[in-house]
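Only one chain comes next, encoded as structure tokens, the form predicted alone.
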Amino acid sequence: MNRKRLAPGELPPGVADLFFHAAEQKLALEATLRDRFTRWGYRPVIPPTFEYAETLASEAGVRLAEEMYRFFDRDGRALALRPDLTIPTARIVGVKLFDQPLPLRFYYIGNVFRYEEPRAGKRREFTQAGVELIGAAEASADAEVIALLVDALQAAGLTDFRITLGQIGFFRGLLAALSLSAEAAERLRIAVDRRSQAELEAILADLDGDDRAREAIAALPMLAGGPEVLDEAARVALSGEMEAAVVNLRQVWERLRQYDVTDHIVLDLAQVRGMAYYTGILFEAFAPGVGFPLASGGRYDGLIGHFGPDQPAVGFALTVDRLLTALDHQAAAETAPLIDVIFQDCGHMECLSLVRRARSLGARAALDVLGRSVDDLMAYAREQGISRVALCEGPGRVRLMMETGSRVIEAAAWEEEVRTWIG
């Protein structure tokens, strides 16, 4: 088998070196998150980097189990690098801390490893920072971890983000009420996850059920927004399990309102990710500039019981690398130079005088120093969000191009025109 020869010092796909400012920035962010978690009463937990593969795969779900890096020790036992930090924390609690006073509050910050296709926002080695609140089943515990996530993102300096919050019990209750086969249930889950109207209509056409069941399925993708969607969810609920899920979300929302964080929260009953793992609320955090969730979490009451006595649990894991990308995007958006007008570089001293006069009046005026054609200059302005392009119509005379149209401005009227931009 012929393999490509590695360049000196070449890294495997999906990993990265960090040094200078990037390394300092990451360490500073981790310190901020560690401080925030500690303020909320969470204590550190540091699981090993690798464990027996069967332990890590036991409750990881099919996809995560397939993405684990596996290898063998000298005794032939299969080992694996940890693909996340929730399962090792659950193992520690179930095996070693089952007799401790509850609740237990843990946080972690460490690298995890997954063999997946490297692309923007995804690496094979990345850092997770998260918390686990164990031993409390109440809505107040659910709300605490969500409010802590909001606090952590804000402490990191992120201002523009949203958290979508759902309750998997609502969809599970719907499936139970419909008595669907496993194949039909998965088909419905995929359609809801995609919010595909065409797929849902096809499912409804094949469904043998009453009008209430059809109404509930049709309504599901639309149950997203503020607390008002809970009224509609309660109206279409077909079972006690669905009603209980709505009640739980009402309680969580009310507590989040008391935390004053609901401006960042969007309720979404159509969240069906992680059905095999989560048992109650589930949520994800998103921010501009990042195509994947910054964080995900929820209630997973069935996990710790795999290792010891059953315990209710809720938590989240935040991908530090993606948060850094979101912060960089936010900084770029905040610091990007805003230009009021860009001038075609015609070479006329009189036109250059108009540029200088605009600047002296307080406008942000740029001169195209690359000699672009008119079409290219207009395209550049659109791409950069520049609302005005000044094209030469002769010495000291420009045609001002704007979204609303164009007009010719003489030198004598230039100052008056500029003042209308700057107030």
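From 1 onward, residues are counted along the sequence shown. Because the structure is predicted, anything quoted here is derived from the model rather than measured.
Omitted from view is the form predicted together with a further copy of the same chain, to which the following refers.
> Check 27, 66 and 107: does every one of them have a heavy atom within 4.5 Å of a further copy of the same chain in the predicted complex?
Yes, all three are in contact.
> Scan 91, 172, 255, 264 and let me know which has any heavy atom within 4.5 Å of a further copy of the same chain in the predicted complex.
Looking at 91, 172, 255, 264 one by one, just 91 meets the 4.5 Å heavy-atom criterion.
> Tell me, out of 402, 411, 18, 408, which residue has a non-hydrogen atom within 4.5 angstroms of a further copy of the same chain in the predicted complex.
None of the other options qualify; the answer is 18.
> Does residue 385 reach a further copy of the same chain in the predicted complex, with heavy atoms at most 4.5 Å apart?
Heavy-atom contact with a further copy of the same chain at 4.5 Å: absent for residue 385.
> Considering only heavy atoms, tell me if residue 76 and a further copy of the same chain come within 4.5 Å of each other in the predicted complex.
Residue 76: yes, in contact with a further copy of the same chain in the predicted complex.
> Can you work out whether residue 376 and a further copy of the same chain are in contact in the predicted complex, taking contact to mean some heavy atom pair no more than 4.5 Å apart?
No, residue 376 stays farther than 4.5 Å from a further copy of the same chain in the predicted complex.
> Does residue 47 make contact with a further copy of the same chain in the predicted complex, using a 4.5 Å heavy atom cut-off?
The answer is yes: residue 47 has a heavy atom within 4.5 Å of a further copy of the same chain.
> Pick the stretch from 385-393, 354-362, 368-376, 50-58 whose residues have a heavy atom within 4.5 Å of a further copy of the same chain in the predicted complex.
After filtering at 4.5 Å, what remains is 50-58.
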